[in-house]
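The chain below stands alone and is given in C-alpha cells; this is the form predicted on its own.
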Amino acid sequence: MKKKAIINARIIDPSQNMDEIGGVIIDSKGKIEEIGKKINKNEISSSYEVIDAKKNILIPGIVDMKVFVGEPGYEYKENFRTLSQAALAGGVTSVVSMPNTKPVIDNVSMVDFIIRRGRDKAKINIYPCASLTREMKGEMMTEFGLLTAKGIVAFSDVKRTIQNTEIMTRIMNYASDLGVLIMQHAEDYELSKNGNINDGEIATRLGLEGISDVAEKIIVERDLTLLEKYPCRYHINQISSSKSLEVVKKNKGNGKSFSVGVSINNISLNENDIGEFKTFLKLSPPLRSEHDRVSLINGIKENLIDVIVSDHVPEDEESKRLPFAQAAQGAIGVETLLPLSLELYHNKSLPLNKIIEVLTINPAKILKIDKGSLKKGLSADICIFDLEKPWVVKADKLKSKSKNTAIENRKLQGKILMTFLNGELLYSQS
C-alpha cells in the first residue's frame, strides 16, 4: 500500500486529548506513523498519496458496542456485506456483533463460523459477542473461558435479562475469576410483561400496555449489589430512565467499577415521537419521557454513562407493518449514529469532544481492544466528517438491507465524507 498523508484536518482524538488542525501520516502497512499539527503539505514527500481534508473533522473510527448482524439465520434482515456498507457510511469501523442469531452463538463451532464469515465477508472490524447462557434461556452458563480463547470479547443474552438471581450470581462470580466482560439487558420480565411502550400518559391514551421504568431500575440495583461481592467487568447495555441513572450515580459514587451504555434513540427521541402508533419507534428499552431523555444526556456529561450505541436492529417490513402490540422491536441505526449524535452538539446539549469520546475511546477501553484511538502504531481506522453539512434521512437511501429507521425524514446536520479502515479508503461520499 502506498503511504498516505491526510492534511488540513481538524483532528479530534479524546484518547490523546487532541483537538488541533494538522494531519496524519499512514504507513504502507495501514498504521498511524505520525499525527499532529506539524504535518502539513510542505513536510510531505512527493511519493505520498495526499488527501486534503479541507478543515473538516478527523476522528478515530467509531466503535459501536451493540449491533445485530443477521448471519447466520437472518440474512434476509442484514448480512456482513450490507452491515459493512452501512457502518462505513456512518464512520463506524468496529462493531460488537450480538449473538441472537439462528443458531445462537453459544459454542466454539458457532464462534469459529462467525469469525471466519466476518473475516471473509465483512469490510469492518467484527468483534463477536457470545451469549451468557445456552440458547439464551437464562439457565446454563456458556463456556466463558473456551469462548474467550476463541476470540469472544463479551457475553450477553442481548434483550433477554438473567432473571434468576442465583444464576446471575454464578455468572458474575465466574466472570470475576476469568476477567470476561458481562453485558446485561436490564429488564424485570414480570414488571414488563406484555408491555409495548413507556408506562405513562401516552400508553394510556393509545390503549397500550406500558413498561414501567421500575422494571429496569430493579435489575440495575440487583446487579450492582451483586457487583460488590463479585467485582467482574460488568456493563449495562442500555439504560433509559432517570431512575436507573440515580442508581448508577449512587454506585459509581461508592467507588464501584462498571460501565453503562445508552442507545442513541433514547437520547434523541421520546415517547411523544411515537405519535399515532409508529411501529418503527417500538424499541427495547422503550422511549421514555422528555425528562428521562434530558437526564440521560446529563448522565453522559457527568461521566455516569460511558458509551452511546446505535442498538442497530434490522427488521424486515413485514415484522414492523403490524398492529403496535404485534410489531417487532428495534430500529436500524449504525449509519446514522454519528450524525444523530452530532445533534446533541448543535443544540448545545453536549460538547463535541465528549460525543467523540463516548463513540470511540470509551467503548474500546471497555472492550479492551486497540481501537478508538489515533495513537502512533495503531491501525489507521479513521472517519472524516463535515460538521455543518445538512441532510435529510431517507430510508431508501440508507445502505442497511432493512429500512426500519426510527428517524425517517429527520433533518440532520453533519455528514460523513470518508471512512478509512487500516489506511484504506473504503467509503467516500459520492
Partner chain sequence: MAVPKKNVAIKNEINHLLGIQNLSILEAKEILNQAKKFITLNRSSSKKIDILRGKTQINLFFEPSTRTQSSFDLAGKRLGADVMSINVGNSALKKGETLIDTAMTLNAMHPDIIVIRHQDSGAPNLLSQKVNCAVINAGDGRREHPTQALLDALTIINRKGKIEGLKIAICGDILHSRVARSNIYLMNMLGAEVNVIAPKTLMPENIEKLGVKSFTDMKKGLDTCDIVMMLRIQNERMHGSFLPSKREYYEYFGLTTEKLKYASKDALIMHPGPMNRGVEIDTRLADDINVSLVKEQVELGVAVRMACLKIYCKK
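Small disclaimer: the values here were computed from a predicted structure and weren't measured. Positions refer to the first chain, counted from 1.
What follows is about the form predicted in complex with its partner chain, which we do not show.
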Quiz item: Does the 4.5 Å heavy atom contact test between Glu276 and its partner chain in the predicted complex come out positive?
Solution: yes
Quiz item: Does its partner chain come within 4.5 Å of any heavy atom of Gly200 in the predicted complex?
Solution: yes
Quiz item: Does Arg205 make contact with its partner chain in the predicted complex, using a 4.5 Å heavy atom cut-off?
Solution: yes
Practice problem: Answer with yes or no whether Gly255 is in contact with its partner chain in the predicted complex, where contact means some heavy atom within 4.5 Å. | Solution: no
Practice problem: Report the stretch among 142-150, 297-305, 315-323, 88-96 that approaches its partner chain in the predicted complex to within 4.5 Å, counting heavy atoms only. | Solution: 315-323
Quiz prompt | One residue of Glu135, Glu228, Glu209, Asp112 in contact with its partner chain, assessed in the predicted complex (non-hydrogen atom, 4.5 angstroms) | solution = Glu209
